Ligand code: COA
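Starting off, we have a lone chain in the form predicted alone, written out as structure tokens.
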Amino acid sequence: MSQQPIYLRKQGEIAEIVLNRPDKLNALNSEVWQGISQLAIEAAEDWEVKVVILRGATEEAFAAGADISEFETVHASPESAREYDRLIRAAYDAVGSLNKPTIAMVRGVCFGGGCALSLCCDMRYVDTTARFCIPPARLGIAYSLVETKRLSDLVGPSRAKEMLMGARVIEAHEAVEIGLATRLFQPEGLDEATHAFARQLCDLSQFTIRAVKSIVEEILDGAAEETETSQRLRVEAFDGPDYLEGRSAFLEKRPPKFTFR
């Protein structure tokens, strides 16, 4: 295991961004926030990588939130506070805008900024030990509009208010029931199930997968009718190599070998 507080490792076409501060339950300090941005960009630019998994290095936590021990320093002045906010925003944006499928693999504590980071991913695969909480009301701070919207889009405005106002802890089973988590597994099966789905994604059309990401994002931004982007993607699909290969494979009764990157 790397000694770095955050690192990237590749397993074929799957990359893992690993939060690695086990003594702090993977609390997110400035170095880790910056590392998230850098490694997400690295994974996005890596031609071989098709799927990115975010995870904690140990079973106890995905991430316990922002590292409060450095708050006195990062909030020492309005300028340092703005710089810290920019650092966090860059990390969220780098994951949220990543041009490949992202899966947060969540064990144990997933609180505060760690929960917000998991919400930037396309999916959250969790085991029965997972616990979610966003507790700004315990610190007297205002949560950002972008992260509040991500939460509200997933669980609805009423439950988002309940979580944020009440600093309520959501256990794994409820997280799946309300849409906060995508799928639930026993602890011993989480790693294999997550990687099995990642491998499945690797075998499918990357053009289609990226189109899904783009179109769902437009829906979340308010689109209810076809947009310029969705229309363009539909036209490009029928002229692209993946459609031609998918059609030929179907007619020839063989597995397709997609080439789009």
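None of these values were measured; they are calculated from a predicted model. Numbers for residues come from their place in the sequence shown, where the first is 1.
From this point on, the text means the form predicted together with this ligand, which you will not see here.
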property	result
In the predicted bound form, the residue from L54, A64, V51, A40 that sits within 4.5 Å of this ligand by heavy atoms	A64
Among the candidates G156, P135, G179, P187, the residue which, in the predicted bound form, approaches this ligand to within 4.5 Å (heavy atoms)	P135
Non-hydrogen atom contact L164 with this ligand in the predicted bound form at 4.5 angstroms	no
S69 within 4.5 Å of this ligand in the predicted bound form, heavy atoms	yes
Interface membership of I36, this ligand in the predicted bound form, 4.5 Å heavy atom rule	no
D23 within 4.5 Å of this ligand in the predicted bound form, heavy atoms	yes
Partner-proximal stretch of 97-105, 111-119, 145-153, 170-178 relative to this ligand in the predicted bound form, 4.5 angstroms, heavy atom	111-119
Stretch 121-144: residues contacting this ligand in the predicted bound form, 4.5 Å heavy atom cut-off	P135, L139, I141
